[in-house]
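Taking the form predicted alone, here's one chain by itself in C-alpha cells.
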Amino acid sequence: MTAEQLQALLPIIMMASTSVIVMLVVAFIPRHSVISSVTVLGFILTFASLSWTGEVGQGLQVTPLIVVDRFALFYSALLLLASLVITLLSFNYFTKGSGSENQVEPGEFYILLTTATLGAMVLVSSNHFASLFVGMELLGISLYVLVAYLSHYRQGRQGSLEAGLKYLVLSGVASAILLFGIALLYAEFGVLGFGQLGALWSNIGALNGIYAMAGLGLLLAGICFKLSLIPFHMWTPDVYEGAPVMATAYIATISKGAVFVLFLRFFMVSGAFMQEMANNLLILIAIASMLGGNLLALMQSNVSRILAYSSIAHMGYLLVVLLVANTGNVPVSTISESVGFYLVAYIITTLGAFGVMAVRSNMLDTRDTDQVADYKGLFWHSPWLASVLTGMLLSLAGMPLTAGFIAKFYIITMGVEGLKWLLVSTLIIGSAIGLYYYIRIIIVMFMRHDEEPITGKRDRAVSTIDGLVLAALAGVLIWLGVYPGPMIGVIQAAFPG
C-alpha cells in the first residue's frame, strides 16, 4: 500500500484508533468526564483529517473494497458531526445517573458509539460487497448493545432489553438474507465489486437469470430492513421506544443515513435497480412507506414511536429521488445534490427532536420522557425547549423557513422533472397527513398547564453543553431554510458534474 493510499484511509484509521484509545481510557481512567472528552476529541480530530485526505482522495480506489472520493468524504463528515452531537448530548443524559446507588459510568456506551461510527464510515466508502457486509455488521453489532444498554439500570422496566433482543434477532435474519442475496449474485456473475457488477449487468441488459433475480430481491429486502421501509419495518417503533433516547437518535440518523448512502452508491454504480422488475418493486415500497408510515403515526401517543413511523415515511420520500434516476431525465449530480441536502436536513431535525427528549429525560427513570402527555404545557415552564422542538417538528413536516421545506421541495421538483406523478402525489398526501401528528405535539406543548407536569417533576435547567448544541442545531435549521445557498454550494462541490 502506498503513502497516498494510507493518507486516503486516514479518517478510517483515525476512527479505529479512537475506538481503541477510548477502550483503554475506560479500562484505566473510568471517569465519565475523561471518557466523554476523549471521545469528543477523537471525533474532532477524525473530522479534521478529512481535509487532508481530500488532497488525495478524489476518486482514489484504495483497495478493491474501499473507494475514497468526494462522495465518501462528504458523508463521512456529516456522520462524524452527527456522532459528535450525540456524544455531547449524551454526557448530561448519563450524568443524571451519578450520585445514586445505581451510579452509571457509561464507558461502554462511548466505545460503542465510536465502533458504530467506524462501521458507518466504512459503509459510505464501500465499493464492494465484502466491505458492505463488514461495515454493516460493525455498525449493527454496536447498535444491538446500544439499544439494550440501560436494561441493567432501569430495573422497573425491561423495555430496553426487549428492544435489544428484538433488534438482534430480526437484524440478524435481515443480515443473513442480505448475505444470501450477495451469494446468489456472485453465483450468477462471479464478481463482488459494484462497478464490475454494473459492467456485466449493462452487457446482459435485463434480469434473465434466476440467481440474479432472487439475489437482487434478497439484497433489496436486507437493505430495506436496515432502512425500516414497509413491509420490513415492524421492528422500528418497538426499538425506538425501548432504546435509550440517544441510541434511538443514532439509529434514526447515522445508521439510516449510512445505509441509504451505501444504497445510493450501489444504485448509481451498478445500475441494478434500473431493471423494470426492481424498479416496480421500489415504487411499491416507496408508496407503502410514504402512506403507511404517516398513517401509522396518527395512532401513536408516544413521541419516539411517532418519530419512528415518521422516519419510515422520510426514507420513502428519499426513494422517490432514486426512482427519478431511472428515468434519465435528471442529471446524476442533481440526484446526488437532492439526496445530500435531504439527509443533512433530516439528520439535523431528528437530532434536535431527540436532543430535547434527552434533556428532559433521566436515564435512571423507568422510561424516557417520550409520551405526548409528558409535553403538555412545556412552553409555559420551559419555552426554550418547546421552541426548539417546535422548529424541529415543523421542519420534519416540511414547513417554510426550515431546512425541511427546502429538502422536500427538492424531492418534489425531482419527481416532477422525472414525470413520477404517482410518487409526487403520494408524497404530497403523506406530507399532509404527517402535518397533523406534528401539529398535535406542538399544540400539546402550548396548552395551559399550571400544575406539575405529567412526569411529576419540573424540568431541570438546561446545561450549558446541551443549550449550545440545541442552539446550534436550531440555528442551522433556520439558516438552511432561509439561506440554503452556501450548503447547496458545498454539496455541489462534493458531487461535481
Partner chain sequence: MLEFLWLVPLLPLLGFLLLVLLPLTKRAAAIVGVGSVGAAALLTLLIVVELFGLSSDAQVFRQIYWTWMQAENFTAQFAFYLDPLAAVMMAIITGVGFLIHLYSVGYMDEDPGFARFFAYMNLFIAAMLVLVLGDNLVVLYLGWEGVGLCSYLLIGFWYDSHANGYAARKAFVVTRVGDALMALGMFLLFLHLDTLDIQQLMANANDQWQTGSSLPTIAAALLLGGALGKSAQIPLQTWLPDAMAGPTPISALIHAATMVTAGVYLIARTHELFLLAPDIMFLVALIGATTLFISGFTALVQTDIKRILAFSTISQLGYMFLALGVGAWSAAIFHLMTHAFFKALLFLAAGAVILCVHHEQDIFKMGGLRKRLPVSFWSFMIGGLALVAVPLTSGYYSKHEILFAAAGNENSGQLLWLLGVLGAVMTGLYTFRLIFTVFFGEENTRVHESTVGLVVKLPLVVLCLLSIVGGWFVLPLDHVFPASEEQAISGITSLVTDVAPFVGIFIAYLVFHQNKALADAVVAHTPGRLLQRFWFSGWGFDWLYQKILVNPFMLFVRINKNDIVDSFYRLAAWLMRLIHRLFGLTQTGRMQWYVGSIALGVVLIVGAGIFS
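Numbering follows the first chain given and starts at 1. Only a predicted model underlies this, so the values are computations on that prediction, with no experimental measurement involved.
Below, we refer to the form predicted together with the partner chain, which is not included among the displayed structures.
Novice: Does residue 334 reach the partner chain in the model of the complex, with heavy atoms at most 4.5 Å apart?
Specialist: Residue 334: no contact with the partner chain in the model of the complex.
Novice: Can any non-hydrogen atom of residue 436 be found within 4.5 angstroms of the partner chain in the model of the complex?
Specialist: Output for residue 436 is yes: heavy atoms within 4.5 Å of the partner chain.
Novice: I'd like to know if residue 305 sits close to the partner chain in the model of the complex, meaning any non-hydrogen atom pair within 4.5 angstroms.
Specialist: Yes.
Novice: Look up in the model of the complex whether residue 225 has a non-hydrogen atom within 4.5 angstroms of the partner chain, and give yes or no.
Specialist: Residue 225: yes, in contact with the partner chain in the model of the complex.
Novice: Given the stretches 30-38, 61-69, 428-436, 464-472, which is the single one in contact with the partner chain in the model of the complex, using a heavy atom cutoff of 4.5 Å?
Specialist: Flagged stretch: 428-436.
Novice: Is every one of 388, 412 and 416 within 4.5 Å of the partner chain in the model of the complex, counting heavy atoms?
Specialist: Per the other structure, none of 388, 412 and 416 touch the partner chain.
Novice: Of these, 399, 214, 424, 130, which has a heavy atom no more than 4.5 Å from the partner chain in the model of the complex?
Specialist: Residue within 4.5 Å of the partner: 214.
Novice: I need to confirm a contact call. Of 187, 176, 373, 277, which residue comes within 4.5 Å of the partner chain in the model of the complex, counting heavy atoms only?
Specialist: Looking at 187, 176, 373, 277 one by one, just 277 meets the 4.5 Å heavy-atom criterion.
Novice: Using a 4.5 Å heavy atom cutoff, which residues in 220-239 contact the partner chain in the model of the complex? It's fine if the answer is none.
Specialist: Stretch hits, in order: 221, 225, 231, 232, 233, 234, 235, 237, 238.
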